[in-house]
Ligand code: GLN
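Below you will find one chain, with nothing else, as C-alpha cells; this is the form predicted on its own, and questions on how it binds or moves follow later.
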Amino acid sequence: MKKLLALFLVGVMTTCMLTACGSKETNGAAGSDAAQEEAGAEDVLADGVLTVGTNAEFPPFEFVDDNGEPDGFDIALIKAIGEKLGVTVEVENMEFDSLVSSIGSKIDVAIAGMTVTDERKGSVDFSSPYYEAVQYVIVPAGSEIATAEDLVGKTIGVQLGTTGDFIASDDIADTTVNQYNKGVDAVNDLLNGRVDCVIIDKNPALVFASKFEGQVVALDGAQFEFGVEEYAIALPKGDTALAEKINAALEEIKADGTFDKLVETYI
C-alpha cells in the first residue's frame, strides 16, 4: 500500500513539474518572439552602420560618379535616412538580380529603383513608397513601334530582374527577351540592331534618350498600357521595428524639404 501511494505521489509530482515546465516554455517563447521583433532594428543598427545594396546602373537613381562611387537620387535619399537614424550608410554596388536574396546576409536593406511587387513581397518587406514610375519603351529613331500590339513578336532588351524584364517575359506574346546586367548594355545592343526595343523605367529611359539623341526615342509607357509602379526600400522580412524607423525617417525627410531638394538635384 505504501509502495502504491509512493508511486502515485511520484506521478502527481512529475505531472506538475511537466505542466510547470510546459507553461514556462510557452511564456518564454512568446516573450522571445516579442523581444526579437522589438530588437530587430536595434540589431541591424547596433554597430552604427546601415549596409545598403544597390545596382549603380540606373540613372538618375543610381550611377557611378567620377570617383568610381555609387551616386544618384536613391543613394542621396538613403544617406539622408541614415543621418536621421544616426548611423553611417555604407553602399555595396552589386547586380540588381541578387539584391533581394542578399538582404539579411550581405546587406541590411536595398534601394535601387526597386518596384514593389507581390513576388518580391514573398521574400522581403518594403518601406513606404517614395516614388511613382512607369516603364518606357526605347526604340531606334524612325521605328514604327508605337503600341502594345507592335511589341508582339519583337526582340526586346531588358535589365535582368527588373519590371521591364517581367513585362517582356510574361506579358507580351511571342517575344525574344535579351537580358542584360546593365541597362546601358541593352541600349547599346539596340543601337547595334540586336534588339528591336528596350523596356526600362521612365527616368533612365529619358537619360538614355538624351545621351543618344537623334539615335533613339523614349516612348511613354501609357502608349503601351503600362501601369504606374511604386519604388520602395527593400527590408528584411518581418523586421517591423526597422521598417517603422525607416518610414519615420522618410516622413521627416519629406516634411522638412530634403526630399524635394533631392528630386530637384537628381531628377
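Not measured: the values here are computed from a predicted model. Sequential numbering from 1, following the sequence displayed.
Beyond what is shown, the protein has a form predicted together with the named molecule; the following relates to that form.
- Every residue in the set 159, 163 and 201 has a non-hydrogen atom no more than 4.5 Å from the named molecule in the predicted bound form.
- Only one listed stretch (86-94, 111-119, 186-194, 140-148) carries heavy atoms within 4.5 Å of the named molecule in the predicted bound form, and that stretch is 111-119.
- This chain is drawn without the named molecule; in the predicted bound form, the residue among 226, 63, 231, 208 with a heavy atom within 4.5 Å of it is 231.
- Annotation for 43-60: the only interface residue with the named molecule in the predicted bound form is 58 [heavy atom within 4.5 Å].
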